[in-house]
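Below, in structure tokens: the form predicted alone, a single chain.
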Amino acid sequence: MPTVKVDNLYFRYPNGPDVFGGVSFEVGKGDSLVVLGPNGSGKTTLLKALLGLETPYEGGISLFDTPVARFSDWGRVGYLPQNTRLLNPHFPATALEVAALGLLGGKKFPRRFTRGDMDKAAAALDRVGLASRADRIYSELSGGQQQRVLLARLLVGEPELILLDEPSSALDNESRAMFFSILDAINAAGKTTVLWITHDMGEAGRHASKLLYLDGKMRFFGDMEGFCHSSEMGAVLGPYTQHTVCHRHDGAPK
């Protein structure tokens, strides 16, 4: 059973041209799929369609073998949007409290945290290397540490599918490397499916097992070996850019 299945998807905004068309792909348990493409190619729109936040006018999307329009088990899905300013910077929440917010979606009113919830949040912070920062105020942490807290917030519910929109765009090189090392380990150890967007070709080569290139239509979908031998992608990107992805992939996690 595929974790995500997209069948001949077309999307346009009202009274506008197609954003993209003819998109079909599947990813399964433990896959790490990177979505590449120029600005305006529909990458974020595709991600939102997978979450049921945007409605395509043609085609189908299924999560865990259920059409997304009928899918309700969102606890199995974790999402980190590109805009991670999710909290009022003056709200005095600790890193532990922010991580625990990832459990609120599965609670009924009145929503209250239990001791077990806080233990899970503490374990999630430990997974991202921030156990020693649990009691620090979130707004006082560095940008890289805040991003890792948000990753802990995503992971605390133990999702089977993780969707990320430009997760490292605001990080420095050291924080970016740490963020992806954590994500790679989670992907490999738990067989969690990861689907993410980036503009960084080298980053794609280091961390993805599959690649989708979107530019008004789906120009490529497949594994890295197929991408590296694709003459069409060489023509679209140029041999230097294609080589950048493939060279980086030589040392990527398998």
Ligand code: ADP
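Being a predicted model, the structure only gives us computed values, none of them experimental. Residue numbers run from 1 along the displayed sequence.
The form predicted together with adenosine-5'-diphosphate is left out here; the points below concern that form.
Exactly one listed residue, out of Gly202, Gly28, Gly40, Gly60, brings a non-hydrogen atom to within 4.5 Å of adenosine-5'-diphosphate in the model of the complex: Gly40.
Though the partner is left out of this view, Thr44 does reach within 4.5 Å of adenosine-5'-diphosphate in the model of the complex, counting heavy atoms only. For the chain shown alone, Val19 is a contact residue for adenosine-5'-diphosphate in the model of the complex, at least one non-hydrogen atom being within 4.5 angstroms. At a distance threshold of 4.5 angstroms between non-hydrogen atoms, Tyr240 is out of contact with adenosine-5'-diphosphate in the model of the complex.
With the partner omitted here, the stretch from 60-68, 203-211, 217-225, 31-39 that lies within 4.5 Å of adenosine-5'-diphosphate by heavy atoms in the model of the complex is 31-39.
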